[in-house]
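Just one chain follows, in the form predicted alone, and it is written as structure tokens.
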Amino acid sequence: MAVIERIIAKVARGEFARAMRFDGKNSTDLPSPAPGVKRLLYLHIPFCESLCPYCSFHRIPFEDALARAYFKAIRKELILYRDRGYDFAGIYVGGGTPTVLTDELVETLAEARRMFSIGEISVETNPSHLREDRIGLLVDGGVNRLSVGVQSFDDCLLADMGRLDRYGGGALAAERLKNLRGRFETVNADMMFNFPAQTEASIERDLAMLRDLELDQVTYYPLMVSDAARGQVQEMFGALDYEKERSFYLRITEGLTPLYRQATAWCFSRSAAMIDEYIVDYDEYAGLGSGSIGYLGGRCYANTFDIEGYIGEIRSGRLPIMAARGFTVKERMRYDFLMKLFGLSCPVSFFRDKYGLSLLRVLWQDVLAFYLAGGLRYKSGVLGLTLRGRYFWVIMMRQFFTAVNNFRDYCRRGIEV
């Protein structure tokens, strides 16, 4: 990894680790909703039929009775937000595997649409769930965007990941993705790069398959693991190579941009559409469900990671928030700087309109550092990422999600914060 990239990774790691320290001194109630703010409703469904060893997200093995009680609780949590005056323009459902109980999911989406001004709905799923019975329910339930966790079409790599027997091979995933054409406004393939066993030849085959499928959208994430999981991942699959990560990223960008435009540093779209990184398009988002993280009114908060505890809190009519942290104005501006530029460009007037402050005055050191490193360009009042800057932002977002994963691990260990 180049020196500048090492510096970015180290600084970002420290900043995000500090930002994710919840000291318990902040109120764990919700702030009052400010008018005129575009908000998203994030619903976390933590159940998976099997657990991928490299995944650091909050997830547990699927149990039918527990999952149904959980969906019932999350529908009651919707009411808690409605009663506090919140409204939402979109829904994103992540996991876990949100479609483990598609009937419960669709009922939950229907409740949310009755309560809020929902305009778009995105749901994550796996290739093994792309069956007509589930697809029909999702279409009827108003889902606009279906994001399919493919990871790779390479059967050898899928076997190394432990996904081949669980979710089927690359050919099956490709065939099922073809059958989704015209069923949703946006079909997205979630892909992974920089898995230890991945090769340039494997990346090239995946890119060729994606170009052939001509999906609406492709999201290509780097492998992101928590510190606690890193040793296990390296023991099982091999060491992470960030020189290879950079090389893969540049090849992916080159291989997809003839057919796609870049919507974010790692999302490629054929049209304007909802993306996985809702943090780019929405100023605030509410996190519902166990282990969900939200950002409302300049305050970041996390729900309890205890599934039974989450259900119990909701049944008692209480918000299941376990910890919260209020951001200073400078921290909020730095957060917006990161997230808005992850979407490739941002007018500097955004910060004056939102905060009444100049970005270039408050965060001049951040802006100058990335400009001198060749990561930013400035033209007609708009900051934009260069090609080099797009990889810088991949590094920073990798570190951001690693910090979030570290916080999840911290909470799962049962340490009181």
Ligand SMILES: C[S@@+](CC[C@H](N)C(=O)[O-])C[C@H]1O[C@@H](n2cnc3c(N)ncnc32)[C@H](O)[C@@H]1O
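Nothing here was measured: the structure is a model prediction, and the numbers come from that model. Each residue number is its position in the shown sequence, starting from 1.
Quick note: we don't show the form predicted together with the ligand, though the next part is all about it.
In terms of contact with the ligand in the model of the complex, the residue from Q151, S122, Q198, N303 that brings a heavy atom within 4.5 Å is Q151. Think of it this way: in the model of the complex, the ligand has a heavy atom of just one of L376, C55, V362, L30 within 4.5 Å, and the residue is C55. Three-residue candidate spot G96, R163 and D190; every residue lies within 4.5 angstroms of the ligand in the model of the complex by at least one non-hydrogen atom.
For T264, no non-hydrogen atom is located within 4.5 Å of the ligand in the model of the complex, even though that partner is not displayed. Of the heavy atoms in N194, none are within 4.5 Å of the ligand in the model of the complex. Residue contact with the ligand in the model of the complex: Y221 places a heavy atom within 4.5 Å of it. At the 4.5 Å threshold, heavy atoms of N126 reach the ligand in the model of the complex. The partner is not drawn, yet in the model of the complex one stretch among 81 to 89, 208 to 216, 222 to 230, 254 to 262 has residues with heavy atoms inside 4.5 Å of the ligand: 222 to 230.
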